[in-house]
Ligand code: URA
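First, one chain by itself: the form predicted alone, in structure tokens.
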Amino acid sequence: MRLDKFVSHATGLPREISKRLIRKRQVQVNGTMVSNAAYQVAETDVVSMEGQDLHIAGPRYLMLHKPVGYVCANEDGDHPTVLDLIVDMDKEGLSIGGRLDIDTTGLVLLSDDGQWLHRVTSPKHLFSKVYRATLQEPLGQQTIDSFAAGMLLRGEDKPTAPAQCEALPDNGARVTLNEGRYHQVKRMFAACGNHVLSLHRESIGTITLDDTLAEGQTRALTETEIQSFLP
């Protein structure tokens, strides 16, 4: 592993800051100052900074409050991505679980633990996702019944799984899904003759978006939150 990558992973600092520290000769390998960020760290090497030995931390698990205008992708040629919002830590290796459309806000989970993310996103585990929608027209009982029964969306050959839908004030609705098809909430309301003006994801499984997080902010998941997706 490159020395700058090792320092970044071990400290949580962005890669560019790690490179800067190495160039300033603040990092030692086996007691010797190394100023080459590309130095390859061997498994037996001891890397230290300011007198403290550095160690690669375990997997990272984060929640992010996604704003409008960002895509849930690692890279995109046309739009900023949710990873661009992470500026105070090393984001290399992070992947996204529970993607949202560019104009949908709310809870996104990120981790560099691939198996954990697979459990989060795999349909067979049936972790529910809760959304709050603002609709063009008031929510009617017929729509609530259609969500509960499941519906066949245009271009698909299998009906949606039963979903819960409840009315909220001001043309609002709260929807609970156990699957995650393409633009599913918007398409289901459209099939019922209504239009979604805004959409926000409140929770995935038992993890609810922290109401102290402003749009664009992240925080580490608690151990309880991490374990909630494990067997």
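All residue numbers are counted from 1 along the displayed sequence. Keep in mind that this is a model prediction, so the values were computed, not measured.
The following text describes the form predicted together with the ligand, which does not appear among the structures shown.
Shown alone, this chain has one stretch from 83-91, 101-109, 120-128, 151-159 that lies within 4.5 Å of the ligand in the model of the complex by heavy atoms: 101-109. In the model of the complex, at least one heavy atom of H183 sits within 4.5 Å of a heavy atom of the ligand. Among residues of the shown chain, L199 is one whose heavy atoms approach the ligand to within 4.5 Å in the model of the complex.
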